[in-house]
Structures are given as structure tokens and as C-alpha cells.
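Have a look below at one chain only, the form predicted alone, in C-alpha cells format.
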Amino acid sequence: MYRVVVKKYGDPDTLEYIKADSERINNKSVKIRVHACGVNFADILTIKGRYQERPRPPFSPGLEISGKIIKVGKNVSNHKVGDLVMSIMKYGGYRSEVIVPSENTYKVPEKMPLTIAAGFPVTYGTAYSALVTKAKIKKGEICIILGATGGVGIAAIEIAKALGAKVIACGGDDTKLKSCKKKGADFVINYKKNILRNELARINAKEINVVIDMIGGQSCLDSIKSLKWNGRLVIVGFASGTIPDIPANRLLLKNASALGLYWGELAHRKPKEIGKDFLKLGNLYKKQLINPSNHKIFKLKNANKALNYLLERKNIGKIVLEVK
């Protein structure tokens, strides 16, 4: 077995690719031969010791994988050897072989390639929980997605459109925003070049039902001012690096709500609910209402290059590591 290891907190270049012994399975887990691993910004924060989960070195980063089950614990009844699966974890995915609790392991949607399945759980799972579980978005509602050019943002565009919403994708790069249009966004706004409220007025969308926010900062505050009566703001992350002080009076005046989503923790607290979400997402995939894709694939041993590529924000969508 091979694994990528953090021996001390730091930048991606401190990662080491080493050979390791296979580990013993417990009664409630499955052992998976990993085909590919999803790459997430949270991995970078974990490597630096700045994420909500702060494992002590040495450890392997990685929140999600896809692969084939090669062994099951004696108390496992929902999986069998040979199943093609995707799994989520708090860390530890950057390996050629993983042991994961069976409840955090899910069947790969029918006809989905394993390289796609590796990056599917976190992005599409997060977007679905934000839009459906938290915002309870309805057909015909207007939805702003802040940070729309990232993996979760692109997934949110597809899911919101599949559910019949009107989508306004917001990002800071015109080239990437063109990709959002291709994914189905009705309008795009560059919040680095333009004032958000002015652009909303220009497209006759002065009031918004739902805001899905991955970036925080000023754009979040601007979007709150445009919430409609009973509007919902779902806070997913703070990619801008600035945590906004949300004005409670704005929420009061519009009978609106601000909701937080820590999807990784939710997935571990409510694995059965997440499993139901994945079944619904699988149906959307089968109907071709969502079309997950990878921007770039790196080899597992080049995990540092993949993470640096992500840090430089060169990607439009998902990056995965393939085990070869």
C-alpha cells in the first residue's frame, strides 16, 4: 500500500509519498482498493493545521475516495466484496487502500466512472444539502451562488437548475464564469469588477430567494441586502478569507434566515440522510440533469502538485488524484 503523508503541518510541498503496511479491518468497516481521491480546499487547510478537523501528524489528508471493496467486516451487511463505492471521511483518503466505516460508504451511481465518483460526494453532497436540506429551494425561485466557479459552486448551479430555479452565478473570473453559463446559469456576475446590487438591478433581479455562499466577505453582505421576504442565506465557507458580520436587522426586516452548513460533520452525524441524498443525486445523474466532470487528474504521488494547482485557482471545477 502507498500513502501520502503529512509529517508536520505546512504547505503541500511538505507532503511525502511513502510505502506503508496494509491495516486490519474492524467489524463495522470495509476495506477499499482506491481508484481515485477527490481534492478539496479543505485538504490544504488540514495540511496546514487550520481546518475544523486537526489531526496530529503523521496522517494522510483526503476527504473522499472511490474504488472497489476488497474486504468487509463481519458485522457489515449493506456492502459486499466487489462493490464499486465512494466513501467520505474526515481525513485519510490519500492512500491506495483505505478502511472506512460501512455507514460512510455508498454505492457509485450507475454508469458513473470511478474517476468522476471520487470527486462527487463532497461537491454534489454539499451543494444538495445547501439547496435542499437547508434552503428548501422551490421551483421558480431565484438563487444566487457566490463562489460559483469552484467545485461546490458548479454542482450547485446544476442542481438548482435541475430543481427548476433561476440561477445567478457569481465569481471573480470572467473566463470561469463562461463555464458557469455552459453549466446552466441564467446570469453571471463578476463581483470583483461590478457592484452586486447594481448588477442584480440591471438583470431585473432586485430581490433574491436563496443565497448559497462559499466565499463570505463583502459579497455576502451585499447579497443579504437583496434578500426577498422569507429569503434564505446558506453559509458554506469563507474562501475570501473574511468572515462577515451579518447584520441581524436585515434578516429581521425581510423575515429572512441565515443558516450554516458544515457538511463534513453533517455527513458523519447523519450518514443515512446523506445516503438518501446520494440516491436522489444518482437519479438526477441518470436523467442527465447533472453532469459532473473533472477539470484535471493528477497521480496520487503528485498530490502536492495537485494541491498547489488548486491553491493557484487554476481549476474550473474538480481535481482528482488517480491511484496508479
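All residue numbers are counted from 1 along the displayed sequence. Being a predicted model, the structure only gives us computed values, none of them experimental.
Another form, the form predicted in complex with a small molecule, is not on view; read the next lines as being about it.
Work out which of the listed stretches, 212-220, 101-109, 80-88, 195-203, brings a heavy atom within 4.5 angstroms of the small molecule in the predicted bound form.
Residues of 212-220 come within 4.5 Å of the partner.
I'd like to know whether E207 contacts the small molecule in the predicted bound form, with contact meaning heavy atoms within 4.5 angstroms.
No, E207 sits far enough from the small molecule in the predicted bound form that none of its heavy atoms falls within 4.5 Å.
Taking heavy atoms and a 4.5 Å cut-off, does G73 contact the small molecule in the predicted bound form?
The answer is no: G73 has no heavy atom within 4.5 Å of the small molecule.
How about G147: is it within 4.5 Å of the small molecule in the predicted bound form, going by heavy atoms?
So G147 counts as contacting the small molecule.
With heavy atoms only and a cut-off of 4.5 Å, decide whether F41 touches the small molecule in the predicted bound form.
Taking the distances in the predicted bound form, the answer for F41 is yes, it comes within 4.5 Å of the small molecule.
So the small molecule isn't shown here. In the predicted bound form, which residue out of L233, A185, V236, C143 has a non-hydrogen atom within 4.5 Å of it?
Of the candidates L233, A185, V236, C143, V236 is the one lying within 4.5 Å of the small molecule in the predicted bound form.
Which residue, S240, T133, T115, S226, is the contact with the small molecule in the predicted bound form, using a 4.5 Å heavy atom cutoff?
Result of the distance check: S240.
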